[in-house]
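Just one chain follows, in the form predicted alone, and it is written as structure tokens.
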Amino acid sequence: MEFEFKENSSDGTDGSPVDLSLRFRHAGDITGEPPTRAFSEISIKVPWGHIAGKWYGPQTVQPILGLHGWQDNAGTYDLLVPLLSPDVAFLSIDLPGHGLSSRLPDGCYYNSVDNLYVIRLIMKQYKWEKVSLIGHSMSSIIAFVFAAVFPDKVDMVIGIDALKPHQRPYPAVIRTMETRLDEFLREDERNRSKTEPPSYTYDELIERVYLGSFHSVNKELCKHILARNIQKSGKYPDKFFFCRDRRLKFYNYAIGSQELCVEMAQRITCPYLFIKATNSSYFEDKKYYDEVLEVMLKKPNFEYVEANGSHHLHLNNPEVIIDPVNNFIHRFGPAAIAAARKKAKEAAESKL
């Protein structure tokens, strides 16, 4: 299921042609460096187009499904994946509107919770009965919600630096809904105009990613996030523009109340590793985080790790978290689950 880069391929939105020869799969497509680990570029058909991804490791076994943070892309795991065991398969995808994945059609609003549907579509495509998830930031929240809504469809979760849906004061929520919808309408109209967005030099784009992450991503590593989110300008030969969907800046991240978050935590049954960066914020009043963490800590298969680093510690210094990650995958990853199921089946058959 490799993704072929062809000129004038459709982006899956309105059928208009997109020259994918002007797009980039990883930082090395721009800088000339080899990929951090060999991968196959894949494309998964969905009703509005396709989901793009990078498949590392063997394709004869079920992979761990890697999900990125808001406005990032599959490149977020470029430096973590090479530290995994070579026999671990890993599929890092671009969520809709990010990276090389299709945008939602014109007029459609992005909702964080809709990504549960994306996970189900991928599971259906590959005929997975259960899924193993690793998510950063926004997608760590998505994995939390998915594990709560579909506890019988998840083998394991690894969440990085965002435990649960964040809570905001209700007046702020209402104000945010108002401003985000207005801005979304503006960006939706810009998308329909089909005009090329503002373009920049490569170094200027690196700076914008660095500043946009609030210095969370080390500047020299921004290239891993940048590559799949930009396209060569058709107007200026030495410049590029951001091609992720501009509507994503104003997506709806609200999922539910604190009471709902606590109920979700109580429903989660799968092995769960949560990694908190010590130099990152909680993105909400810490009391909400603590309440849900307390519920999770009571579970026998929940593991909690604090590690030194920023919000993007998995990209900046993956070596500080790779030991607990590898240990957890060794015990609860797809290979371990497959072996356990085989053993259980053989034991059952031996009793017949």
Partner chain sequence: MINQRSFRLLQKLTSGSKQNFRLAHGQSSSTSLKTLTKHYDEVTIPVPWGHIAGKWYGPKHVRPILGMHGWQDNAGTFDTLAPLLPPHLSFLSIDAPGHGHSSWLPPGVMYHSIDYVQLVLRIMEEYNWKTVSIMAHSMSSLNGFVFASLFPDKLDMLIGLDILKPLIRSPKYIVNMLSERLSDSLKLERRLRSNSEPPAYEWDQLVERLHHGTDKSVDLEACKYLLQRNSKPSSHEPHKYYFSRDNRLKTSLFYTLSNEMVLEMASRITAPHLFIKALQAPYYEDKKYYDAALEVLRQNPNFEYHEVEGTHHVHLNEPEKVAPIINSFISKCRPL
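Positions refer to the first chain, counted from 1. In this text the structure is predicted, and so the values were computed from the model without any measurement.
From this point on, the text means the form predicted in complex with the partner chain, which you will not see here.
In the model of the complex, which of 226-234, 199-207, 110-118, 157-165 comes within 4.5 Å of the partner chain (heavy atoms)? Single hit among the candidates: 110-118.
Contact check in the model of the complex: P105, V149 and L181 versus the partner chain, with a cutoff of 4.5 Å between any heavy atoms. Do all three pass? Per the other structure, all of P105, V149 and L181 touch the partner chain.
Have a look at W48, W70, F283, Y304 for me and say which one sits with a heavy atom within 4.5 Å of the partner chain in the model of the complex. Result of the distance check: W48.
Counting any non-hydrogen atom inside 4.5 Å, which residue from I255, A277, V217, L80 sits next to the partner chain in the model of the complex? Selected residue: I255.
Is E129 one of the residues lying within 4.5 Å of the partner chain in the model of the complex, judged by heavy atom distances? Close contact is absent here: in the model of the complex, E129 is far from the partner chain, nothing within 4.5 Å, heavy atoms only.
4.5 Å heavy atom contact, D87 and the partner chain in the model of the complex: D87: no contact with the partner chain in the model of the complex.
Is there a heavy atom of E189 lying 4.5 Å or less from a heavy atom of the partner chain in the model of the complex? Flag for E189 set to yes.
Hey, in the model of the complex, is K194 touching the partner chain, heavy atoms inside 4.5 Å? Output for K194 is no: heavy atoms all beyond 4.5 Å of the partner chain.
Within 4.5 Å of the partner chain in the model of the complex, which residues of 144-175 have a heavy atom? Give them in sequence order, or say none. Residues within 4.5 Å: A148, V149, F150, Y170, P171, V173, I174.
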